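Given as structure tokens, the chain that follows is alone and in the form predicted alone.
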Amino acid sequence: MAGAVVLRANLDSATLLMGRITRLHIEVAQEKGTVGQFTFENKDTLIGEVEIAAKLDADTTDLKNNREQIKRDLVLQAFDSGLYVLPPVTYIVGADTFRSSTPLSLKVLPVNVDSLDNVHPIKPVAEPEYKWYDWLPATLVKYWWVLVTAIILLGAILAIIYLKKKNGSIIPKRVKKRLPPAEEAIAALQVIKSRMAMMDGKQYYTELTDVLRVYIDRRFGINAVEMTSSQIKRHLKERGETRAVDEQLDMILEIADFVKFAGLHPLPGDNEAAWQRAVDFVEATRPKPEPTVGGKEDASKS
């Protein structure tokens, strides 16, 4: 009988454009020295429509107390659109078989015909190469007055700017101080709430998640604006500062991905709930006011 083996699996993203790739992350916690094998080692697919594009090398970490953790990634790819339920990952140790318990679903979205140019770009017909001396003389002869007029106007503009600066008549623009991240995010969320009834689901969740991405960027120094939903969640969970409200953010990003990429039509109550979760996330993660001498909070920083 093999020692206690814990097997987990999760996807980078539950939605995928046809032909693109995503990763299946696999974690095994077991006693040191345990020898096991995954059943996918000799397979090219998880199921018929979902192919294994690559099997990345395993990474082993010492967990102490005679335990170790093995991390393994599979690169998945699908060329047929649809919703696929992936089979559990199976790990065999001697006569014992272990399976990941959480069912995983992968939504493969069809590729827009217009986007096929990105896959097989059509090269334009090559034109003969022109040198600057092939056209410059004829242009100057015919449109010399345009060039002279442009030079005169540019000189006049530069002279006016120089004189105004010299005489101190140019008033420097006052730079508007930006609100702290939490206040800025709450103000933006209030604007979204006031326009909620006028927006369709895709626009609403796009604006809602954009506010959260900017807030996470400013608050935690994570470039969330350029990340996928799964990357944002993974970076925040690694930091541990948002542990109390990670579930709130996970629910917002999950429904937003289904609305934006899978055409899900949420109910008005879902929109209200997502908005409230966004507010709760910002309020729960805003910096705490620093106490002054005597234990009282500094009102100027709140």
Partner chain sequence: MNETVNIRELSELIASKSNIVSLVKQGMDQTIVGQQHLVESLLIALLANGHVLLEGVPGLAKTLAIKTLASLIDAKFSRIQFTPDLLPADVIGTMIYSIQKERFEVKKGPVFANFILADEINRAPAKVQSALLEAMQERQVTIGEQTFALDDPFLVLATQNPIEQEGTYPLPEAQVDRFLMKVLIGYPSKTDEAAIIRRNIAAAKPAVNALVKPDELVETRAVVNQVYLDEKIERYIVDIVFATRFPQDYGLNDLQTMLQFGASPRASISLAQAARANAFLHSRAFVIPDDVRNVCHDVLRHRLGLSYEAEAGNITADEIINNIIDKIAVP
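Residue numbers count along the first chain shown, from 1. Fair warning: this is a prediction, and the values are worked out from it, not measured in the lab.
Omitted from view is the form predicted in complex with the partner chain, to which the following refers.
The partner is not drawn, yet in the predicted bound form one stretch among 223-231, 73-81, 187-195, 98-106 has residues with heavy atoms inside 4.5 Å of the partner chain: 223-231. Interface residue among Leu46, Val245, Ile255, Ile26, judged by heavy atoms within 4.5 Å of the partner chain in the predicted bound form: Ile255. Comment: the partner chain is not present in this chain, but in the predicted bound form one of Leu63, Leu56, Ala53, Ala262 has a heavy atom within 4.5 Å of it, namely Ala262. In the predicted bound form, the partner chain sits within 4.5 Å of a heavy atom belonging to Lys202.
Mapping the unseen interface onto this chain, Val35 falls outside it, with no heavy atom inside 4.5 Å of the partner chain in the predicted bound form. Mapping the unseen interface onto this chain, Asp270 counts among the residues with a heavy atom inside 4.5 Å of the partner chain in the predicted bound form. In the predicted bound form, Arg218 stays away from the partner chain, with no heavy atom inside 4.5 Å. In the predicted bound form, every residue of the candidate spot (Thr206, Arg213 and Pro266) has a heavy atom lying within 4.5 Å of the partner chain.
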